[in-house]
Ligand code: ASP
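As a starting point, one isolated chain is supplied in structure tokens, in the form predicted on its own.
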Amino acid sequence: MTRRASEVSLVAHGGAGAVGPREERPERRRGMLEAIRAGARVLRQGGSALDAVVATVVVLEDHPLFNAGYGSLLNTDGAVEMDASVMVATPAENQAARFDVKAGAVAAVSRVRNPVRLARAVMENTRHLLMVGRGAERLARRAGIELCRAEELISPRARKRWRERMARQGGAGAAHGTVGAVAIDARGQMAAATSTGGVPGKMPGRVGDSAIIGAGTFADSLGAASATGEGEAIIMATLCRAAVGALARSNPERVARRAIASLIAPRGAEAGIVIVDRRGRIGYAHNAGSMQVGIYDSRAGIRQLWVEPLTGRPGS
């Protein structure tokens, strides 16, 4: 059976959390648009959804204003520890209802410029799902992924914010953020990727939702999702898996709103989510102070926006 070409879509987020400095917004907008253009270029050239979400996230990891890769927040020791994951659902050949699903993740890595690439290497080059610390970094070397000194990943902005936080609050912090992307390509493959430097003031060794399949990242035959926000709450809710499962009964926008309102808000937590379904429809929602998204689809092209937080109960 020949599959009908899917509606191509890509949506990325730049993290849900406290409202950042207004003067950073123009540069964050430029960074998000650059990331979406990178992913859209892959899809326009007939590339895979997996390639598109990785390309998108790599650009955000390389930008100092996003909490991933070079822009990662520092732990209480003043060091970078990053988490990332990828997941992909690929239509099986000649089997219209079946998808092959794979995933890979890394946690607490400190010497890899683009953890999302290492998460993909775990998926493609090992029989494992999640690798951490030095073992993951050894895999990077074998996979041809460049290693660097941990200090090279600490941006001046991150160091300044860490010093201010430690002086003001002894390491505590309310801001959070992560980057991620979801996409569907013309062949119907759906993919999700998520990457983070973690929460401010985190203890060394803390792992958040971005490394946990089903929590911060998920994809199957119904769709794909990437989350951002308070990792502990997202893990407890298995947010992305629950949201993708709900696509069997509703559209992505409604699913996103209900997931945040019913699984996150009752916990007194803040989070955001982006979703794409197998028809190429997208959804996004959050209940934090701010969340930035970038979108590409074959009809409306590329756009960027700041999403208003949920208020009250979502519509039915």
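Everything quoted here is computed from the prediction, not taken from an experiment. In this text, residue numbers run from 1 along the sequence as written.
Absent from the display: the form predicted in complex with this ligand. The rest refers to it.
Interface membership of residue 217, defined by any non-hydrogen atom within 4.5 Å of this ligand in the model of the complex, is ruled out. Within 4.5 Å of any heavy atom of this ligand in the model of the complex lies no heavy atom of residue 223. By the criterion of a heavy atom within 4.5 Å, residue 208 is counted among the residues contacting this ligand in the model of the complex. Using a 4.5 Å cutoff between non-hydrogen atoms, residue 85 does not count as a contact of this ligand in the model of the complex.
The stretch from 158-166, 111-119, 196-204, 126-134 that comes within 4.5 Å of this ligand in the model of the complex, counting heavy atoms only, is 196-204. In the model of the complex, 228, 229, 230, 231, 234 are the residues of 228-257 with at least one heavy atom within 4.5 Å of this ligand, listed from first to last.
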